[in-house]
Structures are given as C-alpha cells and as structure tokens.
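Quick heads-up: it's one chain on its own, the form predicted alone, in structure tokens.
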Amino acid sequence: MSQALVIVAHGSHLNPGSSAPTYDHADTIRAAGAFDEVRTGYWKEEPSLREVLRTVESDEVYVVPMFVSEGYFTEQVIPRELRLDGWDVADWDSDGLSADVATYTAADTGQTVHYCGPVGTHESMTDVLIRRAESVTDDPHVGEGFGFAVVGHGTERNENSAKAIEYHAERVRETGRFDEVQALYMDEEPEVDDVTDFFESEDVVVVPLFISDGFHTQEDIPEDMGLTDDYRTGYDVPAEVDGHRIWYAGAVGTEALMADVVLERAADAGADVAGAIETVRETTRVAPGADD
C-alpha cells in the first residue's frame, strides 16, 4: 500500500517566508524517498488544511503538525479542517507533552489518517536545538565554556508551550554538553530581556523554539536582548551584551535537521521510514567550517 506524508503548518498572509522551512523539510524528505508522496498544507496559505488531503492519492496518510506544542491548532483546528471522523483529543492520551498518534478516517476522502503529535514535543527536537548551536557557532563540538538558552512564549498564550521549552532545556542540560542551560520566555519570568543575568558563561547560544522566523524571532527577541536598538539595522553574531557574547541562532525550525523530527514522528506512528531517517541525518549534518 502506498504511504503519503502531509506536513501541516500555520503559514502566514503577512510573512511570505514563514512557510519556507516547511517546504525545505518536505523537499529533504522527498529526496530521501521514504514516501510515495510528500505534501504540505497550511492554515493561512495554499494548499489549505481543508483541501490538502485531496491533493494526495495514497490511501494511507501520515499527518505531522509543524507546531511547537499541543494546543488550539493541533487539538482543534487541524482535526476539524482535515475532517477526521470521530476525533477526540483524549485519544492522544497526552499530558501536554506526550501526544503520539491517533488514527482516523478522513470523512470526505475515506483515507486512513495517522494524526501525529507536533514536532516541537518530540524528544529528537532536542538534537535539533543542539544542532542549531553548532550551526550558529560554526563548531560541531560547541559546548564547553558556553551557556545555552532555549526561548519561547510564556504560559499566557498556551500552558503547553512553556512545558515544551522546559522539557527541551532539561534534556539539553542532561547531556552535560553546555556549562549552563536555561529556559527563557518572551512574556514571563525568567525573561529573555535579562538573558545575561542568568549566565556566568561569557559565550551564550540563544535558540528560540519557534518553527519559522517572523517578527518575534527577527525583531522582538534581538531588540529585547539588546543585540540591536533597531532590528532593521541588523546585529552581529556573536553580539557583545553586558560583557557576554550572545550567539543568536534564530528559529530552530529553520535548521535542516528538523526534517528528521518529522520522519521520527511518522516512524512512531508506524511509517516505514528507517532508511530515510539515516539518510536525512547524514545529508543535514554540519560540516566543520561549512557555511550555515
């Protein structure tokens, strides 16, 4: 039986670059040859979530949400727009971090849809955060002498968003690779504005747990951290702030290894993609001295 992958993302009418990472990761997975079809669907762009299953010929479809955490979009919008017959969030049996897969029939196409948890809560996302640090420092062995900050929204927007930040910060901490690891937030304590208060390390890598670069990652966070007074003038990487060097990485979702997390989600749901996972890990590896 043929198997298809559909990556679903938010998209944006205002920021045309917001869907670029999703397209890039779809291309990477397509090239690895794991699926008969690889498609993308969006809430705010075409093809829409409502139409995307109709662009797929396969009877069996793995749907992976390109979202940071469980919440309104993964629990309500996407299942509704895909018309997943009998959808019940309880079928994920999740504590806010552990949504894995639930299988339904799409009401209007009759396809079997394996609806996966979001990429942002998968354990392999930790590897992408670390890979992002390697990319921004141009050092595949970065760690010793460095602090590491994971940045996200606070709980105001979505309680599970903060859970995802804490989860990955703790997993990075457990590797013992970086001297210090801290979870920071845009709209609650500990705040990213005060980043240098939380680190003794002179060098600090800052990675936002966001899927794509937009005004939060390109404007708010750089200005909040004091990298620049005006994002339009740009900033240095690393930038000197209060006696520290801040290596600001931009959205983790732009890192090529994100394609691996998408495949891991599909594999956990039963897709036969083991060979493709190895291929993607190799093709997205950072070569020492290579350009980002």
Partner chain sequence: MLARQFDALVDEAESGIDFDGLLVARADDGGYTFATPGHEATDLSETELHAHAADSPYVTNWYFWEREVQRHDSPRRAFLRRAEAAADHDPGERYDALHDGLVTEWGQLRIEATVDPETGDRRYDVRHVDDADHAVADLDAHHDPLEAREIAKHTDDGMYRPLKPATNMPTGWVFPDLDWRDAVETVELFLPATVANWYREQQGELDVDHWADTMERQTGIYGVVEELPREAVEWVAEAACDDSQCTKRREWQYSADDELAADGGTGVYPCREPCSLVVAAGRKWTKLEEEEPREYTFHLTPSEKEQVEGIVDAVADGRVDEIREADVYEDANRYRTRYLRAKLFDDHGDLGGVPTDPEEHDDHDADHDDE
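Worth saying up front: this structure is predicted, and the values here are computed from it rather than measured. Positions refer to the first chain, counted from 1.
Another form exists, predicted in complex with its partner chain; not displayed. Remarks below refer to it.
Residues 135, 137 and 146 are flagged as a possible site; in the model of the complex, is every one of them within 4.5 Å of its partner chain by some non-hydrogen atom?
Judged in the model of the complex, none of 135, 137 and 146 sits within 4.5 Å of its partner chain.
Let me know the one among 194, 108, 188, 179 whose heavy atoms come within 4.5 Å of its partner chain in the model of the complex, would you?
It is 108.
Please tell me whether any heavy atom belonging to residue 242 falls inside 4.5 Å of a heavy atom of its partner chain, as the geometry stands in the model of the complex.
Judged by the heavy-atom cut-off of 4.5 Å, residue 242 is well away from its partner chain in the model of the complex.
Decide whether residue 230 counts as a contact residue for its partner chain in the model of the complex under a heavy atom distance cut-off of 4.5 Å.
Result no; residue 230 lies far from its partner chain in the model of the complex.
Residue 33 versus its partner chain, in the model of the complex: is there a non-hydrogen atom within 4.5 Å?
No, no contact at 4.5 Å.
Contact of residue 19 with its partner chain in the model of the complex (heavy atom, 4.5 Å)
Taking the distances in the model of the complex, the answer for residue 19 is yes, it comes within 4.5 Å of its partner chain.
Within 4.5 angstroms, counting heavy atoms, which one of the listed stretches 219-227, 23-31, 259-267, 246-254 is next to its partner chain in the model of the complex?
Heavy atoms within 4.5 Å of its partner chain in the model of the complex occur in 23-31.
Heavy atom contacts to its partner chain in the model of the complex at 4.5 Å, residues of 80-118 in sequence order
The stretch 80-118, when checked against its partner chain in the model of the complex, contributes 80, 81, 83, 108, 109 at the 4.5 Å heavy-atom cut-off.
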